[in-house]
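Just the one chain here, the form predicted alone, laid out as structure tokens.
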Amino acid sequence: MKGKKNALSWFGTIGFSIMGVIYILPILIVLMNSFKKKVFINKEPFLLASAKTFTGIENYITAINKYELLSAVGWTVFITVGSVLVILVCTSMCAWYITRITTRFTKLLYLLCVFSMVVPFQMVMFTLSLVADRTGLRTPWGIIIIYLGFGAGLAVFMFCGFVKSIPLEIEEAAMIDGCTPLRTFFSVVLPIMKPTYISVGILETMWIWNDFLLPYLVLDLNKYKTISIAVQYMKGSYGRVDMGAIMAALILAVIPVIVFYLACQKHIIKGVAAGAVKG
């Protein structure tokens, strides 16, 4: 019996290792080609850079200077950080209210938040683009409000599950000591919700940072471009593509979110389990 378990363990380890290599291989190929000359990226995409094909950081310089990648990075950081902060604060307060105040309105509000996770984005994207245009939301500040609407469903669902696990007596004791509802939330409830805050923050950050379609539909592209849109615009007229600059831009776009994920990954399972299983 123990021998069968060990064999299954080894097969599982080997299988998942192979899967891991398959998933990471495209990133390694992009990284390798980002240091090659444009001519050799199409000719020898799977070969390591040699003295003949190596171009140093020229592709990165081209991406930053010629295609204004730093501006795109700046707007992406602004939109991502702003959206995630607004989502975390607003949805956690909403989830606390929904969980502690049981009325028909709060039950309906919770169902609407859960239902929003089921509705495909393609059903609302044309209407959303029209509404954003008419209400002046085609800016980095306006798109934060739109991201709040689309990110609220999952966040409220996870926060509600975690709030149910918080003993009500802790909040009652704080209110007896003279805390207002707002102070009770920010001083007592919020610190306890830290695992779910981190988990929701990671998931929302990875989604917003890599999103292409929503910024493309909403933002005024003559003024504002995110990284994903800037990479798309590197394709020139008549099908010309600066593959070297694109490879460099992709690496610059991927590195921040990978570093952020690796730094916070240990909190994901803990936060998801706490927010989606308990209660």
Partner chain sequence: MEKAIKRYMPIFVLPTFCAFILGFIIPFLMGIWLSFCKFTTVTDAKFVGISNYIDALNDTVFRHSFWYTVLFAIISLLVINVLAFALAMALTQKLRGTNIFRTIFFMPNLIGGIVLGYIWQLIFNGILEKYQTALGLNEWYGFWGLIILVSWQQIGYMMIIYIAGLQSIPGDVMEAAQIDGANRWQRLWKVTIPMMMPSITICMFLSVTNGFKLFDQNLSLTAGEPSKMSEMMALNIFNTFYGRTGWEGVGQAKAVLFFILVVLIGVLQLRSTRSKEVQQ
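Numbering follows the first chain given and starts at 1. What we label the rigid core is the largest C-alpha set whose atoms superpose within 1.5 Å from one form to the other. Treat the numbers as computed from the prediction; the structure is a model and nothing was measured.
The same protein has a further form, the form predicted together with the partner chain, not shown here; the description that follows concerns it.
S.K.: Just one of I64, L221, A49, L217 has a heavy atom within 4.5 angstroms of the partner chain in the predicted bound form, so which one?
M.R.: Only one listed residue qualifies here, and that residue is L217.
S.K.: Go through 157-165, 191-199, 73-81, 144-152 and give me the stretch that gets within 4.5 Å of the partner chain in the predicted bound form, heavy atoms only.
M.R.: The contacting stretch is 144-152.
S.K.: Considering only heavy atoms, tell me if Q232 and the partner chain come within 4.5 Å of each other in the predicted bound form.
M.R.: Residue-level check for Q232: yes, a contact with the partner chain.
S.K.: Does Q122 reach the partner chain in the predicted bound form, with heavy atoms at most 4.5 Å apart?
M.R.: Answer yes; at least one heavy atom of Q122 falls within 4.5 Å of the partner chain in the predicted bound form.
S.K.: For T139, is any heavy atom within 4.5 Å of the partner chain in the predicted bound form, or not?
M.R.: T139: no, not in contact with the partner chain in the predicted bound form.
S.K.: Is C113 near the partner chain? Define near as a heavy atom within 4.5 Å, in the predicted bound form.
M.R.: Contact with the partner chain, yes.
S.K.: Do any residues of 208-231 have a non-hydrogen atom within 4.5 angstroms of the partner chain in the predicted bound form? If so, which ones, in sequence order?
M.R.: Read in sequence order, the residues that approach the partner chain (within 4.5 Å, in the predicted bound form) are N210, F212, L213, Y216, L217, S228, V231.
S.K.: Quick check on N33: with the core superposed, does its CA move 2 angstroms or more between the shown form and the other one?
M.R.: Result for N33: yes, a 2 Å-plus shift.
S.K.: If we fit on the core, is the Cα of K43 displaced 2 Å or more between the shown form and the other one?
M.R.: Yes, the C-alpha position differs by at least 2 Å between the shown form and the other one.
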